[in-house]
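Alright, here's a single protein chain in two forms, structure 1 and structure 2, each given by itself as structure tokens.
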Structure 1
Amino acid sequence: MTGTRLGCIADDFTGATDLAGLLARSGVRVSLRIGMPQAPPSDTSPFEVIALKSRTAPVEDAVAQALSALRWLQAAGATRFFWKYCSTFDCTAEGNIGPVAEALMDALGADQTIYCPAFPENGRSIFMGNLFVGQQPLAESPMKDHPLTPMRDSNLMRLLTPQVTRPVGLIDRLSVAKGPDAIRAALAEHTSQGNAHIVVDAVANEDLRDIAAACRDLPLMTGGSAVAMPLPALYQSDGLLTADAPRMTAPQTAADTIILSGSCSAMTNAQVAAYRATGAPCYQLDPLTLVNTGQAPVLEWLAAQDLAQAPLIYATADPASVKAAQKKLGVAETGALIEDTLAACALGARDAGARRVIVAGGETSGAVTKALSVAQLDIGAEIVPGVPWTYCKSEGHQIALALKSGNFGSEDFFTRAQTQLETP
């Protein structure tokens, strides 16, 4: 059987990658589209994920983006949909989690959906409608100080109610623990009471498995990535995905590699230090020098490198250096200067034959995929949890791309990513 089975809409890029990686653990082909696809569906996969950038967009924008993603996914053949947001329920007072869910429900004629951001493996659990980060309630966790979406309430019903027009309900852990039939009965009870938006408790993977089993036929599910993880196996047992469903086979890519690091997180600093210690060729970009010299010196250095040695170009620096550059050049200006330069390096390396590209930094990844004109990624094996190898075409070249945001990965990430790809 072909065609898209599940259409997923994610409110940011790294969240989309996380969801795509978990679905891809099934071995079934998963495609990730970066931004709203510009062309009608073609070369579609059983699982399609569209990465929007709508988490903090104005509500009307976020709703419009999600509805156009929905139409594209419907055209791809999907009849079931998943609205993916952060496992810490990142949103503003106005939205966009609730308004988008309600708009998708209206478009689908759905009278009910569930909200389950729990991700027990990563310490996100929900009990009596309250979200916990590790042992802390959400509102006492570091999320309370997030620069864009400070979370000052841990209760998902209270967070959701002002965002939607229809009533909110809860299926608590006591019902969830009784299994899929009890969850289905609780959903039906909520329907009879007119409750449309149902928060569902989950504290363990078994809860998510039962919730997914009970909700797999809903036109729309919403949540973090973890509650979607059981869906491929459930679809297989339902016959929605047959044995001949397209599977992911990693294409071979030539071994020449470039590593580009624009993240300044603590883990990325450690990863750069560990990679430098291997003796691999490394070039440090300093924004205060770069602003005077332009990109020519780094591009010349790159052109002289043997890409079989997997050179690293990095702007990664400690917080004091970052602050000093930002003070002198401006925050946005420094970011753009580095991102533009690393994007130019990605293009230069591709044109010199690099077919494996490893990138550190969320924004940096955005700049690099844009420069390489990458619109679609096929999701391969995970290098570390949350960071899979992905495969794409750039100007007709088959490229393997690893996109690592901020603090992900272990210290040996740059080496580990390379050793995971077999040399053709």
Structure 2
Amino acid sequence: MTGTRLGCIADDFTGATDLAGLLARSGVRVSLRIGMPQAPPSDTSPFEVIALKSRTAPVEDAVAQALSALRWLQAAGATRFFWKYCSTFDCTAEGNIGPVAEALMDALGADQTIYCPAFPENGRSIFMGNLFVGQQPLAESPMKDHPLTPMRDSNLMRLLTPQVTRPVGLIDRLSVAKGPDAIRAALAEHTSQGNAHIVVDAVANEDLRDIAAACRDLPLMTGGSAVAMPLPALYQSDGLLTADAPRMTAPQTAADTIILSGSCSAMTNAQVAAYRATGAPCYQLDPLTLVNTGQAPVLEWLAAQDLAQAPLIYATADPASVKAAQKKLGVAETGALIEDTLAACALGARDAGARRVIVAGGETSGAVTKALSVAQLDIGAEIVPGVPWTYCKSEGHQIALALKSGNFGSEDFFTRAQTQLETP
């Protein structure tokens, strides 16, 4: 069969590449659309992912964007859909995870869906409805201090209930461990009880395979990227996807590189420190300085750099420094200042010859892809779980682009990304 099999909607750009990268492990071509496509579907891939920038948008805007993306994916031929959010369930008390899911359910005529943000390869697990980051409950992890979506509760049912209008239920680890038939039976029992939104425990990849097997016929699944990873193989076994489905061939790119980091997560702080220790050229952005000097100093510094040395420009800072800047400048103003500056750096580096761009942080990734006028990405091999190299055109130039969620990767990520770029 040809055409799009699974249509995916992600609430930020790094989350979209995370999902696309795991689907691409199957070898089947995955296409990622940056923002809402402006043209009707054509030359679509078996797996289409639309990356929205809606995680912290007003609820009404997030819902409208998701429904628009759904209509485009339906026109592309998709009959099954996936709503992707962060594996740390990043949200506010109002949403947008629950309201978007409920709106998609209504549009699809679905009376039930699941919520499974687990990603065991990256230390995200769910047990008895509680989300863990490594061995820490979510509310005790560094996510408690996230500048936009501080997570102060670890229980997904308590987080989800205020966001939706229909009852929330749980399929716990004891049921999941019994396999797909038990999961399907538990979903049926929840249906009989009127529970529409079902949190599902998962602590290992085996759990995710069983959950995907049980839920693959649902019109809508929701979660982190990992629960979608088994779907290509399941679709092949169901005859929905042929063995000769289109596959990705990586284009060749010049080696000059720029690294841009706007994330202030604990892991990205460690990654910046590790890269600085290599002796590579680095420039730190301070929003309190930027507001007075503008972008000229960093752009002048960038123009003087040898891009073969892969310079790093970063606004990554510890939580106290972030809060101090936000208190003086405002939360939104601080974020916009950094995003605009890193976007300008991406343009400056591209025009100076950079053909490999590594970006850390969801908001930063959105700003950079917009600045580079990227509308579509083809997904290549993963650098680390959840972070693939992707390929696009910008002003006629072939660009390799890595968009990293702040929490993902090991401390040597920036170096590893450069050494692991696939070649044709």
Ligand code: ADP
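What we label the rigid core is the largest C-alpha set whose atoms superpose within 1.5 Å from one form to the other. Quantities reported herein were computed from a predicted structural model and do not represent experimental measurements. Structure 1 provides the reference sequence; residues are numbered from 1 along it.
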Point to revise | Structure number of the form predicted in complex with this ligand | key: 1
Practice item. Using a rigid core alignment, state whether the CA of Ala402 is displaced by 2 Å or more between structure 1 and structure 2. Key: yes
Check your understanding: Is there a C-alpha shift of 2 Å or more at Ala320 between structure 1 and structure 2 once the rigid core is superposed?
Key -> yes
Check your understanding: Taking the rigid core as the frame, does Pro58 move its C-alpha by 2 Å or more between structure 1 and structure 2?
Key -> no
Study note, to complete from the structure: When only the core is superposed, Gln284 shows a C-alpha shift between structure 1 and structure 2 in angstrom of 11.1
Review point. With both forms put on the same core, how far apart in Å are the CA positions of Ala349 between structure 1 and structure 2?
Key: 7.7
